[in-house]
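Given next, in structure tokens, is a single chain: the form predicted alone.
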């Protein structure tokens, strides 16, 4: 009898081709995730009532708790209302992807034979266990935060967070009163450049944190199932269910943090620190 092997690979395995476009098992799982979310939203949409009951009541409780948690992170309900739909959508997308990848779906897969050896390719693999997916999510999160900052505080102020041109423009007006501005301005500009470089670090951090944890969990479950077929892998399965939830929660929380930081005007905070008595007098007048 021919032996069929299955090994965990860093890359997602193709299971179908649409023309020259390969459909991988991770992409297939992502499509299933989107379909599940669409069906849940469609069902809830049809069953919305003024007096909630059943599933609607449960969903409203969850959303209310999530909104309260978001308020603690953003510190502003207006920002929460703008960012929450995006963050909660990413949370459920990652969560369902994480859980689908670790569920025991038995022999759902394909057998491919190459060079006389047969290999089993599972149809279901978590989309977040593919680095392409996590990179796309990270890129959307970081770019989205910067675009949110542009729409919230303006393009010029957002650019000045990374390339502090105001620091140099103020040299000529401040040098007589404060000669130290000649040393402070280049430092402020350099710090801004570091913040710009940190945006790329955010993308890398979000990408590899999510991918590493989810992929490691799938490898762990595969290894434990190969060594111990029954009972013993069950505690590890529950552990990975918890890890899948935590990773989705961390990713969505970081999105809230990035969007909140992007919406803040650093220049106004600096003015408040430099001229607190002026700000206080303005408040008393108003």
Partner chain sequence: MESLITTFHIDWKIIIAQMLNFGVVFLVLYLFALKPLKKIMSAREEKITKGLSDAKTNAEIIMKTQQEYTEAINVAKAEAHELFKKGKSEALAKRTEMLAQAEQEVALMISKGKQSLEAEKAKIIADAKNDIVRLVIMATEKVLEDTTDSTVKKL
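Residue numbers count along the first chain shown, from 1. Model, not experiment: these values are computed from the prediction.
As for the form predicted together with its partner chain, it is not shown, yet the points below apply to it.
Novice: Although the partner isn't part of this model, could you tell me whether residue 31 comes within 4.5 Å of its partner chain in the predicted bound form, counting any heavy atom of the residue?
Specialist: Taking the distances in the predicted bound form, the answer for residue 31 is yes, it comes within 4.5 Å of its partner chain.
Novice: Taking heavy atoms and a 4.5 Å cut-off, does residue 99 contact its partner chain in the predicted bound form?
Specialist: Close contact is absent here: in the predicted bound form, residue 99 is far from its partner chain, nothing within 4.5 Å, heavy atoms only.
Novice: Do residue 81 and its partner chain come within 4.5 Å of each other in the predicted bound form, heavy atoms counted?
Specialist: Contact with its partner chain, yes.
Novice: With the partner left out of view, is residue 154 within 4.5 angstroms of its partner chain in the predicted bound form by any non-hydrogen atom?
Specialist: Result no; residue 154 lies far from its partner chain in the predicted bound form.
Novice: Between 73, 136, 123, 216, only one gets a heavy atom within 4.5 angstroms of its partner chain in the predicted bound form; which residue is that?
Specialist: Exactly one residue meets the criterion: 136.
Novice: Under a 4.5 angstroms heavy atom criterion, identify the one residue in 44, 257, 246, 227 near its partner chain in the predicted bound form.
Specialist: If I apply the 4.5 Å criterion carefully, the residue I get is 44.
Novice: Heavy atoms within 4.5 Å of its partner chain in the predicted bound form: which of the stretches 237 to 245, 217 to 225, 64 to 72, 257 to 265 has them?
Specialist: Result of the contact check: 64 to 72.
Novice: Counting heavy atoms only and using a 4.5 Å cut-off, do 22, 59 and 89 all touch its partner chain in the predicted bound form?
Specialist: Every listed residue reaches its partner chain in the predicted bound form, so yes.
Novice: In the predicted bound form, which residues of 37 to 54 put a heavy atom within 4.5 Å of its partner chain?
Specialist: Counting only heavy atoms within 4.5 Å of its partner chain in the predicted bound form, the contacting residues of 37 to 54 are 37, 38, 41, 44, 45, 48, 49, 50, 52.
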